[in-house]
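Just the one chain here, laid out as structure tokens, in the form predicted on its own.
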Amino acid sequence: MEKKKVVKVEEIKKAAEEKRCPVQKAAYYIEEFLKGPMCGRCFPCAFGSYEAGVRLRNIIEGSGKEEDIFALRRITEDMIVASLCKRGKDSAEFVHEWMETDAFKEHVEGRCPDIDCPAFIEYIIIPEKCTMCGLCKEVCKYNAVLGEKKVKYKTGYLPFEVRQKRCVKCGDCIDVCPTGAIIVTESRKKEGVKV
């Protein structure tokens, strides 16, 4: 019988710290804590962690509200006081620390200050930098890149662009672009610009 590897809270914290966005850090930490080190023996930790994960997911996906921030603050404060073990208290403190930044409020207002959360960003191709090599279109598994590869002695090409509704923000196109023509920018949806 294969033994299940025990993940330590310190390992989860270290991996969470590598994320840029404070909300992403908190969400990653809570999701991993629920998968592994949480024992589920005390109600404040078990229920609080699950509810915090739901609230954090709402905020990251762009459907978060002020009530989610208020609920997260209450949940983490309750967990710090009422959790029976150090793991539960440490988890709540980790999330609570990141709530002191303005990032949570900005997410609720429709913006990720670190330009990291997929709900608040777009991938854009800068036409002046694009050589029309077509590598981005070839690598995109989601058919989110539209355009025509440049062929000698022909004109009237359809320029390359990212179709935002199909783009999952995986970053594959950025990785293969030889000229750095694809950039990540804040979403234009919040400004009322049709995409």
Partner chain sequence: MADTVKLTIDGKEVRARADMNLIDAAETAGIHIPNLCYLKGLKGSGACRLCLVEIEGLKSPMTACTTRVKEGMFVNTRTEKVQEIRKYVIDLILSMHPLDCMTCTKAGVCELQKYAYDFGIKESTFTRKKFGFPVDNKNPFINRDPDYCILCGRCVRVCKEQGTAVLDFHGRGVGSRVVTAEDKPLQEGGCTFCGSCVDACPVNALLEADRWRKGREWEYERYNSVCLSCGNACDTVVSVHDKDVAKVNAGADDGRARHYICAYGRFGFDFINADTRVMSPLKRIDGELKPISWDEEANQLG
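Note that the coordinates shown come from a computational prediction; the quantities given were computed from them, not determined experimentally. Residue numbers count along the first chain shown, from 1.
Here the subject shifts to the form predicted together with the partner chain, a form of this protein not shown in this document.
Interface residue remark: E161 is not counted as part of the site for the partner chain in the predicted complex, having no heavy atom within 4.5 Å.
Although the partner is absent from this view, A71 contacts the partner chain in the predicted complex, with a non-hydrogen atom inside 4.5 angstroms. In the predicted complex, the partner chain sits within 4.5 Å of a heavy atom of A82. Contact annotation: A103 falls outside 4.5 Å of the partner chain in the predicted complex, judged by heavy atom distances.
Heavy atoms within 4.5 Å of the partner chain in the predicted complex belong, among the stretches 136 to 144, 53 to 61, 162 to 170, 149 to 157, to residues of 53 to 61. Along 136 to 162, no residue reaches a heavy atom to within 4.5 Å of the partner chain in the predicted complex.
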